[in-house]
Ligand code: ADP
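Okay, here we've got a single chain as structure tokens, the form predicted on its own, with questions on binding and movement later.
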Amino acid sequence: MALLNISEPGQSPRRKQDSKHALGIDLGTTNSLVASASEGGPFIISDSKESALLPSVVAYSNDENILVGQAALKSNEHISSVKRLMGRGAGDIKHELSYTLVESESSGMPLIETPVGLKSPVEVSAEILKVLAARGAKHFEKEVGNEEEQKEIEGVVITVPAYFDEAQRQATKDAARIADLNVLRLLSEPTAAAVAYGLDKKLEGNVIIFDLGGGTFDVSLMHLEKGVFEVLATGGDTALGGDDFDRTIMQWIKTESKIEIKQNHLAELSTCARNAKHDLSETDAVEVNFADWSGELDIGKYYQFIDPLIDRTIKACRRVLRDASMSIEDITDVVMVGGSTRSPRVQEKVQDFFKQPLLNELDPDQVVALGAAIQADILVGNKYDSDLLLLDVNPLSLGIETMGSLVEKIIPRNTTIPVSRAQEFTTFKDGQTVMSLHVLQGERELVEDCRSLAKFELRGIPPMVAGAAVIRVSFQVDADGLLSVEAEEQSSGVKSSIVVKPSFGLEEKEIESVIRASHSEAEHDRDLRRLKENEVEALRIIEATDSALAQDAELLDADELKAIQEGLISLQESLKSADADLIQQQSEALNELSVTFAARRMDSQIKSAFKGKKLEEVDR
């Protein structure tokens, strides 16, 4: 199958008359694209001026006219790189912007000041999606040529960085809903690229997808075999891309020129830096002019600026290989995706690391949208040339808080999605009728070291002794990477559930650091977890013993009662020591002292149950 669909000049690729219309959308930080697929393969849909790339830029004017793309770039008050704001809090935004953010009083999300009022990043992204969808609709209208036979767009597949968390994915779906689009699936950008390359180049084996765009970086290790695309491990940074290369040049201009840069000049400064970056891909030195200042930037100095950023991408590649228990020698192909991979320095350092030539024959700007179009075509029921099965993964572990502020992981990171996992928990106190559930994301053992996603309660648990209730907690991650959690008490059937919609995404360094921290702190975390577990068990024993003594102390003689009370005191004192071994030792000692007491209590309860009853009544 040829990936690029060739047709006569002025004609669009042909499709079967009964096929349904679907779109693949690459919603990028710098540029966005829309694509579709036909019998001949996927193709990019351009606008009337034959431009494929739509700058991801929006401008709102005083007359409430909304400009998107090239037209918006001409405005002094345009909004760019909004993808970096999706699913984040106002406090998460660390870099300078050419527009003003205001924190929402109700939710804490960043709102953008515009001439027509405050706009959320979701609303701005929706405007970009509307223009892309309109391109698709216009293309299908021309293709049909008869308004009475026009078909609606059945749905879209929108690509997102593999390392987008639940908040960022949900924000993307919300933007699509505002744009009145039916989202068939959110597809990870590296997976989409692998689909396009895999089908076009017939790739098989262990393939690295190195995806460096304008604002995000992803690296995925995939195994491709006979139409099955399985993600083995993924990594990256949702706040690293070509924009950061630009910012290094912007900072150099500020330092060298000593010009005080006001906010309304940041857009002009950004354009100047971007032009210099592009020129340095083709020449060894470039003259940079900004305002009344000019200076020369050579390739060596520019490489000093960006090498630390590229090194961060290489570190992510190392982590992905380690997660998949593979070495560089196990990699069969390295696919370069994203406009920033055009940088000769990026290609040089990636090739040096993987020690093999890179695959970059397909347009790195277009390959993600083409892969999304293939998946969209399949999801609406059109038959494609190849059978295709995508097996993606969740980037970070998901779990729940247990006693002692511990995290019980229910779905480990790099688990293939969609996935459903369940685990059973119980109550801690006698008569407990409510259980609070705290959903977390991360790799560490303690709640304070992981990210809180959501909290909800299960009410109506029948009152029982501690440990008798069985609460089944089920986690389900759908194909879009979105999480829902349900808790059910097994004997009564009472349920509670929540679709996780955290307010904001992870901070820029959090995702990178949580995995690294989970390795460096692993031994400490194991010791701390053992201490917490022993403390929780000790508290359970203390509470159960206190309750038993309050009810049946008369079953003990004076010496036995004194021994158990002294054991209680010793166990309570051991809790102050933070010594896991001592706490365990004192817990076992008190349990041993209580064995005879427990047997007498059971005998007493049995005698009480049978007292005054005939044998035949007991048999019934």
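Being a predicted model, the structure only gives us computed values, none of them experimental. So that there is no doubt, residue numbering starts at 1 and follows the sequence shown.
Omitted here: the form predicted together with this ligand. The next part is about that form.
Please tell me whether any heavy atom belonging to Arg451 falls inside 4.5 Å of a heavy atom of this ligand, as the geometry stands in the predicted complex.
Arg451: no contact with this ligand in the predicted complex.
Answer yes if any heavy atom of Thr29 is within 4.5 Å of a heavy atom of this ligand in the predicted complex; otherwise answer no.
Judged by the heavy-atom cut-off of 4.5 Å, Thr29 is in contact with this ligand in the predicted complex.
Thr172 versus this ligand, in the predicted complex: is there a non-hydrogen atom within 4.5 Å?
Judged by the heavy-atom cut-off of 4.5 Å, Thr172 is well away from this ligand in the predicted complex.
Mark Asp243 yes when one of its heavy atoms lies within 4.5 Å of a heavy atom of this ligand in the predicted complex, and no otherwise.
Asp243 belongs to the contact set for this ligand.
Interface segment, criterion being heavy atoms within 4.5 Å of this ligand in the predicted complex, picked from 278 to 286, 123 to 131, 462 to 470, 486 to 494:
That would be 278 to 286.
Here the chain is shown alone; which of Gly87, Gly198, Gly338, Gly236 has a heavy atom within 4.5 Å of this ligand in the predicted complex?
Contact check passes for Gly338.
So which of Arg421, His265, Arg274, Arg312 reaches within 4.5 angstroms of this ligand in the predicted complex, heavy atom to heavy atom?
None of the other options qualify; the answer is Arg274.
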